[in-house]
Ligand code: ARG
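Heads up, the chain below is alone and in the form predicted alone; it's given as structure tokens.
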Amino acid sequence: MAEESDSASASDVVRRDRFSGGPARGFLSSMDEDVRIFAADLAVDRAHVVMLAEQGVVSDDEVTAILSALDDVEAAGFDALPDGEDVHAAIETAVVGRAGDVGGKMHTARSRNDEVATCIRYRLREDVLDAAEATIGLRKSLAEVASEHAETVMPGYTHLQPAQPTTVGHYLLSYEQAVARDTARLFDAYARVNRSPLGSAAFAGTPFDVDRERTAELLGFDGLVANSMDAVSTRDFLVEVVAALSNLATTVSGLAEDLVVFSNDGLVELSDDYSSTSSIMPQKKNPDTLELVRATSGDAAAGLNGLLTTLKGLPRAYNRDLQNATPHAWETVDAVSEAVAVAAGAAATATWDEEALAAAAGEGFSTATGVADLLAMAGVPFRKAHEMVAESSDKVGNTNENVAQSNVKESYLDALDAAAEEILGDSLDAYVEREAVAAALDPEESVATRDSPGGPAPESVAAALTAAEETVTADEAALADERESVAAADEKLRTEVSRYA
């Protein structure tokens, strides 16, 4: 790091001696969190001074000196910055220490208010794209396993009670579709994050002839946050991102909970890479990683609540409370993105016990709805069919066996015939054959008949897989386009900066 002037090392250029000390200095500082936006601030500084030169606000020689100092600051790294209450003041202090008084022109026509808002957006968009990429990875894992198990029958539950048979493919695609919506929410949020506040100054604009569109272009933003007061004070883009992440974490928490329960029931076995053992009980294999994935939804909800509470009731325009708002977003995006990646790995490497799943699929008369549907399709009013099936099930008694393969099947058919006589005044054979009812009791047959769009029948699952693959491909392309746009802007900025070398 180049040698600094005495004045620069004594205090930062923003506060100077009067406001640089005292017991509140550490309390005011955000340096611990600002390491995250160090690179962003350097990019914003460079774009701003290039624009100032193009507008004739500062001379080419002055810009060359400032940009050279910024290069030195970047090479030295964040840890070499002088003391400051935030990274913005620390970088400016370092630039003045290297370039002399001309370094003070870097902040012309700019406030830390629009500077920090721009830096947050600049960095956050990278985090949002990373989170979106994690969701796409999870969806690909879910779809791949769903394809392998498109016809693997499993029990479906409501209220944690056996309800109707479905397939592993149908079950996993239910989460793929939910996560696809989470991807869409992140892309929607990204569009509003990717707007530039730079050039708004403190909140009331500036008398300098600045070109806000030019700095937005150099930084890869899609446009401006137009109103200068709104630009520096709003953090609704943080709320939108954290809300999307919180929803994503809630989605993935449900997947984690299901896999924990299914693991306990012996329906699925998690890979050792996503499990652990007890410190005292050597026989244990615990789904610890998924339990932490499940807990991440609490962290995300806390981040959203903390952010909203911080922002609630803030007057226009800038208030220092906003300094405490941003860490909620950083912490949430890090935690949720990691949890999503872990969930993807756990889902991709889990082993589904097809024999155990098939045996459990018919437990608790889970095919009863299929029998009621069969009667309804034969002309029996559904409520009458519902009554008949319920009464016959009660007579036989609940069973944890697959009714279609157990010794209670004939008893059940007899009970259903008696219910038909009692409720309909006619025998069961008058409406459906006993063989058809016996087939409807079979979980595989029950699944095969449910071929409505989005249902679990193999052909419906195949169509859903095709749709999922198409959506994943489209989202991967959209992600690549956004990354390419950011990279192109970065290259353009480097090119413009090089003109002053």
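Fair warning: this is a prediction, and the values are worked out from it, not measured in the lab. Sequential numbering from 1, following the sequence displayed.
We do not show the form predicted in complex with the named molecule, though everything after this point is about it.
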Response to the item:
Only hit among Asp86, Glu217, Asp258, Asp299 for heavy atom within 4.5 Å of the named molecule in the predicted complex is Asp86
Worksheet, complete the sentence: Checked His159, Lys284, Arg320, Arg383 for heavy atoms within 4.5 Å of the named molecule in the predicted complex; positive is Arg320
Worksheet, complete the sentence: Counting only non-hydrogen atoms, the one stretch of 71 to 79, 110 to 118, 245 to 253, 304 to 312 within 4.5 angstroms of the named molecule in the predicted complex is 110 to 118
